[in-house]
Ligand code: PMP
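The chain below stands alone and is given in structure tokens; this is the form predicted alone.
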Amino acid sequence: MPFTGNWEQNVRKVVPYIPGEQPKDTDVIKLNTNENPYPPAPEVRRILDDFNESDMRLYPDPEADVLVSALAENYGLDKSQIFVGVGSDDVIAMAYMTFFNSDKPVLFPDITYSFYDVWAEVFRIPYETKPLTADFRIDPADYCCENGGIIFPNPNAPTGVFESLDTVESIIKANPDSVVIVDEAYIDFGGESCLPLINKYENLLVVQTFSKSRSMAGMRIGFAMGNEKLIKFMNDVKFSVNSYTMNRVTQICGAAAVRDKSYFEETVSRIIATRERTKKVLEDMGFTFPDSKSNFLFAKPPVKPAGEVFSELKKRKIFVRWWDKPLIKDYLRISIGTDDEMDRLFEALKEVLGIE
């Protein structure tokens, strides 16, 4: 028998975040992780083809200046107002470590991105969830109380609901003693960014990502924008943990993607058009859903339970997302794919639901 001790009592144990399934089979329609169905900007492909492998022996620029400079130019900001990380998950984790350090609870919605409570558990940060209204909206009054920080997505995930800038600003204004993080992972698909408010409120941090609208989920690029004091505090933490977080090729590819505005606008417009068409088709089938300003729909199927529809679609090699959780178990989250992929989804749904 091996020697055993009490070492496990010192292990930090958490229930991990469970991402959407990544099937090994490539012969599937993958509408479960909100990835962009179109390739990145053409210049990204050229950079990958021409990248000098000898550069891989050198450490990347810890300040990621080529990427930060491109973002600053694109958003009309100073470089000191931008923080970059390895996906928005990394950016938000850094923000948690940097700003959520009081004994008061961090606040976020009860139906939201399920990583928020995981980070709180990992970093031992107290938190409270606030219920959404019956139509999946935030009640700003719920956030007018003492707290150690606030975070919420806009548009929300998994619902796709977009809150007005008046709602967002009311929450920021009511919490001058806390940092408010607005996670805008899906903002490019029809919402209005609260970015202009960073010049009005020094406690606002706006987080965005390249994973959705810029088709670069596999390269892991996220960024935050805010008051230069907030950004400096985040960089101080980042450089104390790992200065070289983003590799050289990712920095260069990210900058190229930002500069190609016409391609970005074209692909986003295509996804929005497909989303609006999908709304009409699903509505005709009897689905109900809140209006979405994201690249997915949060839809309740007719006739059959969502879990059963999820399983039947999977048998047909069509992957959507379903959570067996209270409040949301009646809904499927369906990412917007190409028009052809959505047409194949519609046909499968008709078969599963017995719709002529």
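Sequential numbering from 1, following the sequence displayed. Model, not experiment: these values are computed from the prediction.
Same protein, other form: the form predicted in complex with the ligand, not shown, and the subject of what follows.
Of the candidate stretches 227-235, 263-271, 208-216, 103-111, only 208-216 contains residues with a heavy atom within 4.5 Å of the ligand in the predicted bound form. The ligand is not drawn, but in the predicted bound form it has no heavy atom within 4.5 Å of Tyr96. Although the partner is absent here, Arg220 lies within 4.5 Å of the ligand in the predicted bound form, judged by heavy atoms. Within this chain, Gly149 is remote from the site of the ligand in the predicted bound form, having no heavy atom within 4.5 Å.
Of the heavy atoms in Ala157, some are within 4.5 Å of the ligand in the predicted bound form.
For the candidate spot formed by Tyr38, Asp188 and Ser294, no residue has a non-hydrogen atom within 4.5 angstroms of the ligand in the predicted bound form.
Proximity to the ligand in the predicted bound form, defined as a heavy atom within 4.5 Å, holds among Ser178, Thr278, Ser88, Gln251 only for Ser88.
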